[in-house]
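One chain is shown next in C-alpha cells, namely the form predicted on its own.
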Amino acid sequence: MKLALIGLGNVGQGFLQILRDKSSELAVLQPQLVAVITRSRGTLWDPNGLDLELVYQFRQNLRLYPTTPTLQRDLDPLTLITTCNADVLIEASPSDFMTAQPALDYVYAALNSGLHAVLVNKGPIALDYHGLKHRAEEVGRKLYFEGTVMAGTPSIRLAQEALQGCEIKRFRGILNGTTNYILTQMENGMEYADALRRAQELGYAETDPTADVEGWDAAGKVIILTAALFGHSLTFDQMHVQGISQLTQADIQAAREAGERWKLIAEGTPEGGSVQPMRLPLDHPLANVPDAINAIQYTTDLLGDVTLIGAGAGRSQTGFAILSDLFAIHRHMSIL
C-alpha cells in the first residue's frame, strides 16, 4: 500500500512513528510512504519509497532530505498528488472550517486520480461531505475519516459498522477534550481562567482557545456526524453553539448541590444539532467522563443507549485513526 501524506504536524509525526514502530504488525498492509506534502517545509516524492527515519529526522525542513536517483522535491502539491504512484492520500494538515482549502482541492484531485482518501483534517468533511462521498463512489474509491471526531476511538466506525441494522435516533457526546479538562478542573475548585491557563500549559488548549472553549470545534464534529449518520447537510449558522467561557464556580457549585455536573454536550439528530453546556445527573454515563477524555452515546431502536468512551486527541491516538482507516481500505481491496 503506497501512501502520500499531507501534513507533518503532531498527527503526521505520530503516524510515522506507528509505521516505524509497528512494522511487523503492519506487514499485511506492506505500507510504503512515497510522498510527503507540507505547506512550508517542502515536498518529497520517491516512487521507490521514502526512508521513514530520514523523513522524521528532517521533518522541520524536508529540503535537507538526502538526494537519491529517484527523489523529486518541491513539486507543486496538486501536480504531485495527480502524478505520484500512491494508493492512498492521507490528509493530516490543520483543519479550516471556513473554506476547507487547499485540502478540499487536494482530496478531489486524489479521488480523480484513482487514490483512496483518508482524512484527519475536519474541514473537507464538514463542508463538503456529500460531494466528496458522491465523487468517491463515482470513481470506485474509499473515503474514510475516522480521525475527524474522536481521534482513534472508533466513534464513526461503531455507528456505521458495529451498529449497522440499528436505527440511530440521536447522538450526544463530549467531543472536545480541552473543555472537558477545564470543567474537570473547575469541579476540583479552580476558576475558569486558571483552568484554561493550566490546559494551555499542558498543550490541551491553543494560545487562542476560542474554537475549543466557545464550542466551534465540537460543532464541526456534530456537522460531520450528522452528515455521515443522518445524511443531513448541517451548517454552523443552523446550529445553537454555546461554549463554557461564561461558567463560574457559582454555576459549578449549584449543579453539585443538585447532584449534577456540567458538561459541554454536542448533540445531533436527523433534524439538526447543537453544542451547549448542560447539567447532567451524576448517574449519567457522560457525567463521569473526566479530564481530556471524549465520549459519545448513540440512542438506537434495538439496543437502546450505547456509550463509547476513549481518547479524543493525541499524536499516537489520532495516528492510529489513520491506521484503522488503512486497514479498512485493505479489507475492501482484498474483497475485490
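The term rigid core refers to the most C-alpha atoms you can superpose between the two forms while keeping them within 1.5 Å. All values derive from a computational prediction rather than experimental measurement. When you see a residue number, it is the position in the sequence shown, counting from 1.
Omitted from view is the form predicted together with a small molecule, to which the following refers.
Would you check, heavy atoms only and a 4.5 Å threshold, whether residue 155 touches the small molecule in the predicted complex? Although the small molecule is absent here, residue 155 would stay clear of it in the predicted complex, with no heavy atoms inside 4.5 Å.
Is the gap between residue 137 and the small molecule in the predicted complex 4.5 Å or less for some heavy atom pair? Result no; residue 137 lies far from the small molecule in the predicted complex.
Closest heavy atom of residue 122 to the small molecule in the predicted complex, within 4.5 Å or not? Yes, contact at 4.5 Å.
Can residue 263 be called a contact residue for the small molecule in the predicted complex at 4.5 Å between heavy atoms? Residue 263 lies outside the contact set for the small molecule.
From the list 205, 88, 186, 247, which entry has a heavy atom within 4.5 Å of the small molecule in the predicted complex? Selected option: 205.
Sort through 210-218, 161-169, 238-246, 68-76 and report the only stretch with a non-hydrogen atom within 4.5 Å of the small molecule in the predicted complex. In short, 210-218.
Once the two forms are fit on the core, has residue 239 moved its CA by at least 2 Å between this form and the one not shown? No, shifts by less than 2 Å.
Honestly, after the rigid core fit, is residue 181 moving at least 2 Å at Cα between this form and the one not shown? True for residue 181: a C-alpha shift of 2 Å or more.
Does residue 227 shift between this form and the one not shown by 2 angstroms or more at the C-alpha, the core having been superposed? Result for residue 227: no, shift under 2 Å.
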